[in-house]
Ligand code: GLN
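Below you will find one chain, with nothing else, as structure tokens; this is the form predicted on its own, and questions on how it binds or moves follow later.
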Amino acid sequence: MNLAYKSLLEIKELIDSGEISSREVWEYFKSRSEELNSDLGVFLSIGPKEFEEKNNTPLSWIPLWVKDIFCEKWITTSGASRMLENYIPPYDATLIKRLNEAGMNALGKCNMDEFAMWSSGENSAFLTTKNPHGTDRIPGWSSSGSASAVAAGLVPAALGTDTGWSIRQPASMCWVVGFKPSYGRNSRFGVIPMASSLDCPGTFTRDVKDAAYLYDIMNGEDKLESSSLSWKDSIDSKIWETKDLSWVKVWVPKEYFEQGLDVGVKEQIKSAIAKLKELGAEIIDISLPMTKYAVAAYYIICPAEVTTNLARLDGIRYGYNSELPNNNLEEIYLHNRGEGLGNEPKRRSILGSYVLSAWFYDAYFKKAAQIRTLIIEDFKKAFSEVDIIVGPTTPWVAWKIGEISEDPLKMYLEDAYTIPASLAGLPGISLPCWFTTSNDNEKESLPVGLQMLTNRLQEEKLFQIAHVLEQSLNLWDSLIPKNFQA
């Protein structure tokens, strides 16, 4: 049976009805992953675990892939960095534990940008992940392996993290659904931290209902994690019966359609917005004036937190230990961190140390924190009048591997549409909305994603509206990359 592009819930239904066994599902995806990984560079490791029947569990042993930033007991978890190349955690991340209890087990670890830093999937210490819709192109941001795996039908769902963009943007470029909940909904315990006030675990799936199903399993209070919210959220199944959006007010920020947005991407996003209007939604043009400061604020706050989180990786407490001779403590740090960390972690550590220094704290970090507060107020004002904010997930389609990787500033500016929601801790989803031609090849069509945001802690409304649009667009057949059909 061809399972590659079936949704998680479709596969679960087949198992529950007895049409296929859990073992057959497990073996199908493990075999497909082993066969196609060399074409895509998706996986750092295929796990040592073999099939083990778990009866009467929600996930029925349906396999998922896990971004190599989630700790799994006795399984190497490196963050795609030489620094933790041989790190084997003695415990499971809370989300891994919850999914295992629900009957899931991970096939293995997905490649990513080193410690989730960078914007293209090219910054792993071990290999470069490719986009199934064009293997000469990037898959997008740090959760690159997870997005590529789901897009290529190697697995029905995968885990990722989103600090500023890293679920929504690869989902857009790989043509899958990428979902991040409100900050605090999903526990960060056991997730290698990058920027602790921003990191948000989430999922890649074939459709919106799968994202909601996994969210139901994953979210909830965790006594081991201080930012975890103190109650569990449950999605009402009645939302899937909604057929129109006549009750919805949609806000379209003018800042998301200004200079820098590709013409083809703009056309497809406007078509998706027209579809929302056709479904009955009221479309309102708005302004989010603090949007233009979000990237600058993020690239002060994030590196400051990176500096703190990476400080423990010195080769003494954790991580890579150089074999070069050391005469003093300073040389130990220089050799261990110099050899163990890649360019982007070094760059952010240096920048973070600078903005946190006594001389520059007030001028940079304090100001960035104040801008963050103003961005939060922008969104609060917007959501007092509307239900959802929509716009492009990324300004461009996937570019060719190596095309702008040597230009960090240009890479950073790619994040302008997603960063504001991360600074405000909002839930967001990237939904496939159509294709457009690339700038370097007018005959090559590449995916475009629509970003949808709701107010904090309104995940159910986000799923409800996204599902209605998804059903109306009816794009599932076009989600299959032509070179990776089963």
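For clarity, every value in this text was computed on a predicted model and none was experimentally measured. A residue's number is simply how far along the shown sequence it sits, counting from 1.
Same protein, other form: the form predicted together with the named molecule, not shown, and the subject of what follows.
Trainee: Of Ser166, Thr203, Thr129, Ser172, which residue is found within 4.5 angstroms of the named molecule in the predicted complex when only non-hydrogen atoms are counted?
Mentor: Only one option qualifies, and that one is Ser166.
Trainee: Of the residues Trp396, Phe383, Phe365, Tyr299, which one places a heavy atom within 4.5 Å of the named molecule in the predicted complex?
Mentor: Exactly one residue meets the criterion: Tyr299.
Trainee: Picking from 222-230, 257-265, 157-165, 327-335, which part of the chain touches the named molecule in the predicted complex when contact means heavy atoms within 4.5 Å?
Mentor: It is 157-165 that comes within 4.5 Å of the partner.
Trainee: Flag Met194 as yes or no: does it have a non-hydrogen atom within 4.5 angstroms of any non-hydrogen atom of the named molecule in the predicted complex?
Mentor: Result yes; Met194 sits at the interface with the named molecule in the predicted complex.
Trainee: Should Arg137 be classed as touching the named molecule in the predicted complex when contacts are defined as heavy atoms within 4.5 Å?
Mentor: No, Arg137 sits far enough from the named molecule in the predicted complex that none of its heavy atoms falls within 4.5 Å.
Trainee: Would you please decide whether Ala93 lies within 4.5 angstroms of the named molecule in the predicted complex, comparing each non-hydrogen atom pair?
Mentor: Contact with the named molecule, no.
Trainee: Is the gap between Ser142 and the named molecule in the predicted complex 4.5 Å or less for some heavy atom pair?
Mentor: Yes, Ser142 is a contact residue.
Trainee: Using a 4.5 Å cut-off on heavy atoms, which residues of 321-349 contact the named molecule in the predicted complex?
Mentor: Only Arg348 sits within 4.5 Å of the partner.
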